[in-house]
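To begin, one chain is listed below as structure tokens, in the form predicted on its own.
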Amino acid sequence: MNGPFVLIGDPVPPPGITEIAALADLAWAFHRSFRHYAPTPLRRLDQFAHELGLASLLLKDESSRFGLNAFKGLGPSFAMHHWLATHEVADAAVFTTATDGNHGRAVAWMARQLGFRAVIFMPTYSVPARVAAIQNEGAKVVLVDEGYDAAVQLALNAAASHGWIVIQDIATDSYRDVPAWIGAGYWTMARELEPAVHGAERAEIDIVLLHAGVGTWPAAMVQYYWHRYGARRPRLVVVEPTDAACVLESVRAGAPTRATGSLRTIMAGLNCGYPSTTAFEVLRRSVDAFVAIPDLWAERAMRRLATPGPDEPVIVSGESGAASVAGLMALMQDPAYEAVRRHIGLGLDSRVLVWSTEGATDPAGWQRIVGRPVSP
């Protein structure tokens, strides 16, 4: 990789806004009718903002979503609901996907809610706690030695051989509908901030940081902001691990490209070799900056969120979940990102929104990094 960031001059609206907005309306209606649904909290971190030199800092805490300890349930729950609403499905149908953890657990959980079986493909090096969480949802887990990208292909092959239903969040040229449904489900996260943060005319924030694995979630959020605000949108930054920056490297190359790093960062949910094709199409010209950060910033973010200032809550955020906070800390504290700060106008007057997309999905790892066990 040729550096830790790419800056985009004069971003333009992304493709697919009208289509995903219509799907997102269906998802919003579904989620509000779903018996497990409840909005997740928004945290105001005034002391943290002061430490970083910002006007304000808000954090959307997804660790309680559906009891799954991560945001991922929003996308698969709607995608699977929508599949059943638009297809004839046998009682013995099987749902399948590949995952580094949270997405697979969400598919397994929703399959159990709907009364179906699930088979989940995972890299062999996956943390045992994440494997066990999926098995505890009643799913079969198949471990794949070659890593996440190979797990994706094996899930697709198995589905083709057995007639299973694939609920994958990475789009290809021939697999686009379900990832779009998953992205539409993620709009619920942003809708929950209306109107307090996402006002009707203007957002009460200036900058939003989003982190990327294959890119489906940040692409959905980018489409939301352009749909709601157009040119008045907040400035948008996408954060990835240095050794798994498939979106950044693809933007730099001008086409979907395999990341050149090890794909073995502590931000396990972001360790993806290739971006979703549709996510790449959305993100490539529609955000202000792409940033890659080393693991040390994720560790620092986890420790800071777990050690609150006065009147701030303890926030338990996992390695992947803390990535946008980690990106913000790197931007504010590492001189290597000074050009990004200037480009997006990040400073004393900035009102920033970040997302913690998971809790301690690896409790042992969280304890090792933070220095104490996760509270019961």
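The structure presented is a predicted model; accordingly, all values stated were derived computationally and were not measured. For every residue, the number given is its place in the sequence shown, counted from 1.
Another form exists, predicted in complex with a small molecule; not displayed. Remarks below refer to it.
- In the model of the complex, at least one heavy atom of residue 218 sits within 4.5 Å of the small molecule.
- Among residues of the shown chain, residue 76 is not one whose heavy atoms approach the small molecule to within 4.5 Å in the model of the complex.
- Contact annotation: residue 97 falls outside 4.5 Å of the small molecule in the model of the complex, judged by heavy atom distances.
- At a distance threshold of 4.5 angstroms between non-hydrogen atoms, residue 234 is out of contact with the small molecule in the model of the complex.
- Checking 297, 224, 71, 121 for any heavy atom within 4.5 Å of the small molecule in the model of the complex turns up a single hit: 71.
- A heavy atom within 4.5 Å of the small molecule in the model of the complex is found for one listed residue only; from 171, 80, 270, 292, this is 270.
- Exactly one of the stretches 346 to 354, 36 to 44, 50 to 58, 317 to 325 approaches the small molecule in the model of the complex with heavy atoms within 4.5 Å, and it is 317 to 325.
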